[in-house]
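One chain comes next, on its own, written out as structure tokens in the form predicted on its own.
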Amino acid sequence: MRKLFHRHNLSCVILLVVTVLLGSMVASAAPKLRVVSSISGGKTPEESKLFAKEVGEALGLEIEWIQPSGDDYLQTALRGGERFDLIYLNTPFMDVLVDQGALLPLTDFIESSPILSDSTVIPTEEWEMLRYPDGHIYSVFNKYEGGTLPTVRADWLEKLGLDIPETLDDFYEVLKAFKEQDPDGNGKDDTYGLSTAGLYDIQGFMGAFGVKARYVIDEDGRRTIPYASDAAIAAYEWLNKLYREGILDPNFVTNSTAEMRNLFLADRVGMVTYWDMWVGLFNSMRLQDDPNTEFRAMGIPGPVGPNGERILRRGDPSIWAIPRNAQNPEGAKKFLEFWHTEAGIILGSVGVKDYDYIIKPDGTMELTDIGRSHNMDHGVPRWYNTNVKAPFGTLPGVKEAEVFVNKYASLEISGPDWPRAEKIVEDYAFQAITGKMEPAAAVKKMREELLKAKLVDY
């Protein structure tokens, strides 16, 4: 069940909520559907028009498919009075909107839908991730999310005669070798052991110290943030050691996920922390560039902790929601059902017919050159529906990585206060890792600020 904290609401969304609720009673049978998604759709504006056309033909609606250019687009647009019928968002932002009453409850729709209520389409227990304390569900899954884990250059391990790391000491020795032993063979000192995109996602390493990201709620409902606990000090000290010795990419604080991925693909770093699905995408992209490449990405579990456990992160569900002021909520519901059918899944994964793929005379599918370059990901690289088989199989390395995610990963708890808390956590964590503050002092200040802002309870 989603945990939602009805306190200390974000002032930045107050105006947003007023705007959203103003139009909540306006009914409309408009045939147009306005959809906002930063993930699903085409790879270019032109391709998104083709994508929207195919959706429209399937639903019998005119589709306006909006792909934001920045992360803040949706908040800004809603706050500015924009009205959408369907929005793609992550669960932390959903927590904020649910707390403010800005989303349409979908519980009855889901339970009455012959598609969405089918446990072979979406497992019944998965819905509990989206259910709130009021008993309602306010969103529908976009895809099966997977999780994050360390991803290593398996070919570099083999080249340097290294075993897959298990303990923290093992990880240190492997990452140090990637930095110092010229694994790319170019005779230059130009590689790093590890790169991240900020704290995204160091959970695998923090887990070795028993530390879980975001909020932990005790039996009395009191909130703590383990990244601001004394247990996290040793984790920051370990990461600081990597930074001081040049093993950790010095640009990790400012890296975007794309910059981190590009370092990995360009033979500049031996390990990143990213999605299990990207193990396959990394391999596929390099194989497309060079079928004879030695490059081989491999997902591995994080270092084992002293208690024998590992802690990885299961991805926040990426979801679709309908704002209360949507002008065409019924059209949005038609889309949500379509998205989980075979036709919707093929569109969200393989792409647009006669553009990303063709149907051969024998009825089989064949990817076009453009379709191959898109790696079968138009927002839904993996899905829940067990009745729909991947027409071209899975990408190399994904299934093996999934084993570790399924075994060690769990969801994180956010709530509407998390966006404010995250800024404080990141600020002091970065100072601890880069040595601008002693880790113990950074954790102390982090916790003090969180308590002062009433973002934690003790």
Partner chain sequence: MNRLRLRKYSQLYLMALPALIYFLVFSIYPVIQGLYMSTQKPLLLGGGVYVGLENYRSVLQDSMFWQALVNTLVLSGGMIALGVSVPLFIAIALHELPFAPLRKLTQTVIYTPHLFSWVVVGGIWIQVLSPDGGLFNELLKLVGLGPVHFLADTVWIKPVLVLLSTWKGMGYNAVIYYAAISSLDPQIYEAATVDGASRWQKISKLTLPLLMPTVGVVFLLSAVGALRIFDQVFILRNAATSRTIDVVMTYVYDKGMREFRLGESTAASFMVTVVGLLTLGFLRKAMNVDDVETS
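We call the rigid core the largest set of C-alpha positions that still match within 1.5 Å between the two forms. Residue numbers count along the first chain shown, from 1. Keep in mind it's a predicted model, so treat the numbers as computed, not measured.
There is another form of the same protein, the form predicted in complex with the partner chain; it is not shown, and what comes next is about it.
Close approach of Ser119 to the partner chain in the model of the complex, 4.5 Å, heavy atom = Flag for Ser119 set to no.
Interface membership of Asp267, the partner chain in the model of the complex, 4.5 Å heavy atom rule = So Asp267 does not count as contacting the partner chain.
request  = Give a yes/no on whether Phe51 approaches the partner chain to within 4.5 Å in the model of the complex, heavy atoms considered.
outcome  = Judged by the heavy-atom cut-off of 4.5 Å, Phe51 is well away from the partner chain in the model of the complex.
message = Taking the partner chain as it sits in the model of the complex, is Ile66 near enough to touch it, meaning that at least one heavy atom pair lies within 4.5 angstroms?
response = Answer no; every heavy atom of Ile66 is more than 4.5 Å from the partner chain in the model of the complex.
request  = Counting non-hydrogen atoms within 4.5 angstroms of the partner chain in the model of the complex, say which of Asn292, Thr254, Ser112, Thr124 makes the cut.
outcome  = Answer to the contact question: Thr254.
message = To verify the annotation, which of these, Asp316, Asp99, Glu337, Asp184, has a non-hydrogen atom within 4.5 Å of the partner chain in the model of the complex?
response = Going through each option in turn, the one that passes is Asp99.
query = in the model of the complex, do Pro45, Thr148 and Glu237 all put a heavy atom within 4.5 Å of the partner chain?
reply = Answer is no for this spot.
query = Where, among 100-108, 295-303, 168-176, 203-211, do residues come within 4.5 Å of the partner chain in the model of the complex by heavy atom distance?
reply = Of the options, only 100-108 has residues within 4.5 Å of the partner.
task = For the heavy atom contacts within 4.5 Å of the partner chain in the model of the complex, list the residues of 423-445 involved, in sequence order.
result = The stretch 423-445, when checked against the partner chain in the model of the complex, contributes Lys423, Ile424, Glu426, Asp427, Tyr428, Phe430, Lys436 at the 4.5 Å heavy-atom cut-off.
query = Asp85: with the rigid core matched between the shown form and the other one, does its Cα shift 2 Å or more?
reply = Comparing the forms between the shown form and the other one, which are aligned on their rigid core, Asp85 does shift its C-alpha by 2 Å or more.
key: Core-superposed comparison between the shown form and the other one, Gln100 Cα displacement 2 Å or beyond   = Yes; that C-alpha moves by at least 2 Å between the shown form and the other one.
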